[in-house]
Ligand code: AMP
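Starting off, we have a lone chain in the form predicted alone, written out as structure tokens.
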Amino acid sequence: MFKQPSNLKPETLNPDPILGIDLGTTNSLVGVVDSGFPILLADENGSRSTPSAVCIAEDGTITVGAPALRQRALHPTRTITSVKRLIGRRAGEAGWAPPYSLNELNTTPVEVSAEILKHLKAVAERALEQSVSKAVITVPAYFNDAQRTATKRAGELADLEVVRILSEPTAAALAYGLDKLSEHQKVAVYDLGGGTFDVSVLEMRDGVFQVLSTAGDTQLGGDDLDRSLAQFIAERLNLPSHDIRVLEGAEVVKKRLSTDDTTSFHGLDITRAELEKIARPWIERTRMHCLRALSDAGVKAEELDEVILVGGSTRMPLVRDYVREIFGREPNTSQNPDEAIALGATIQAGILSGSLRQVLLLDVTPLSLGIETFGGLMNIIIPRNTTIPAKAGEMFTNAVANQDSMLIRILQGERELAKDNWELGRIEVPFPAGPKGSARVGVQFSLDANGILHVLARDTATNQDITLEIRGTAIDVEDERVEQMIAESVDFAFEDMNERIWTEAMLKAEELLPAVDAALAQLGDVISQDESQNVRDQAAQVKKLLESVNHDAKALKSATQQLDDATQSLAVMLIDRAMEESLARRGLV
């Protein structure tokens, strides 16, 4: 492991160092590369770990870290903890009610996170004896665009240029794999922290780290177990479960029972068996994410070279037992689970600053990105698990005549219908009104290395560009849907696909029927009565199926195809008539 020096001499550092920061739910850490080695920096008390706590006094004075955490028992409504669970989210979406109100404290999750980052920046500048202005900051792999953007904004408020937003499992793999760059390995990173859970499968080959898949839950962590244990303790001691002293005691009990079989709180004996009974439903929630990550990566558990544990909650024996059972192998505990992410962030910062040899990180987007198309369908432009940075685009046209603009709804998710996915934002592109299919609008998605989305829409007739950066946009559904999205796409796969097939068939049928009516009106005196009646019967069957509430996609496709086949001769006759009329106008017949 790496030893923390008392101070670092500036001459051994890159003249423009980049900090590596783990902005955690419970604790945060900062590091830098010195003389080719990643080192985590300690504060004036010798602690490398800073509690992610901010206390705002009545007079507006702000304290951060351990001094703030000590104020929690006396001023629970003024001491902010676990703010990572709130960043980039709407009020009420976090799934838990903190004892404080940010509105009453006249602050925001971004501003609170910025105070923590300011403190870490000061710790670094004290240790380095020089100013710093750049940082790599880690976030859970399953943080959505709004949460990533809000984290980046917090860095900017702390006077830091955020040169990279790095996924936490990727950072952990970097910390584990820096000395294994010449090997070819597949590893799973199981990251259970204070407020979030991530699992990722990565492949390391010749200095390239590629994320094969990622899954997780942005509302699952040690905080949840603390509250469940606090409820258990409160019921037995006849105390209010929301008492902050009970919650703090529950956290202490949890940590003690990671090494001891029994401990006590206010005279109440609590055993590890009792804790594990409370914890089983909590830890079981990670299983489906692990299995999904393996499935998405196309990797069997036995094909993994390592399973790496990250996050303080993985110190619990029960967690390690579950990981052993799920992956069928002994987890790798060689890294300090509390420091691995910060170490990885520091390594990445060193790579970007030129202080370490180049290692290529290939991260992925956890959910598909696309737009809504005519009929309410989701058209995917960047599929999930696409390596980022990434860029892709498509051309779209107007679906109806005399349309003078196109509303582009930017979506994220895995469902077939637009209404079942999240809307990230929208752009309206104006263009000259014209016949159906006359407009041409190009849409390009660009995902940068931070996983932040940039959208460009261009009317090819005028070459007018409209751009949108999905920055701080609140998603129109609760964030709990993040983790449910892929599961729902599997659960509703048959229904969704049938609805997509039905919608596509419906659009074709609705386009074909008016054309058939027009053809019959023009050629009624040319075709036989039998042929005309056959076409009308086929059209009536299509109309009947369209009006049916059963949405039989297969039957509608078949009926539409039969109508299309029955009108082939009409189409030929219409073309011949049009050619004759054209020649006649030109005096050639």
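Treat the numbers as computed from the prediction; the structure is a model and nothing was measured. Numbers follow the displayed sequence, beginning with 1.
Heads up, the form predicted in complex with the ligand isn't pictured, but that's what we're talking about next.
Engineer: 203, 372, 423, 251: which sits within 4.5 Å of the ligand in the predicted bound form by any heavy atom?
Structural biologist: Contact with the ligand in the predicted bound form is made by 251 alone.
Engineer: Going by heavy atom distances of 4.5 angstroms or less, which of 109, 194, 331, 177 would be at the interface with the ligand in the predicted bound form?
Structural biologist: It is 194.
Engineer: Considering non-hydrogen atoms and a 4.5 Å limit, does the ligand approach residue 223 in the predicted bound form?
Structural biologist: Close contact exists here: in the predicted bound form, residue 223 approaches the ligand to within 4.5 Å, heavy atoms only.
Engineer: For residue 258, is any heavy atom within 4.5 Å of the ligand in the predicted bound form, or not?
Structural biologist: It does: once the ligand is placed as it appears in the predicted bound form, residue 258 has a heavy atom within 4.5 Å of it.
Engineer: Mark residue 26 yes when one of its heavy atoms lies within 4.5 Å of a heavy atom of the ligand in the predicted bound form, and no otherwise.
Structural biologist: So residue 26 counts as contacting the ligand.
Engineer: Is there a heavy atom of residue 315 no more than 4.5 Å from a heavy atom of the ligand in the predicted bound form?
Structural biologist: Yes - in the predicted bound form, heavy atoms of residue 315 and the ligand come within 4.5 Å of each other.
Engineer: So if I measure heavy atom distances to the ligand in the predicted bound form, which of the stretches 291-299, 456-464, 186-194, 72-80 falls within 4.5 Å?
Structural biologist: That would be stretch 186-194.
Engineer: Taking the ligand in the predicted bound form, which residues of 34-60 have any heavy atom within 4.5 Å of it?
Structural biologist: If the 4.5 Å heavy-atom criterion is applied to the ligand in the predicted bound form, 34-60 yields nothing.
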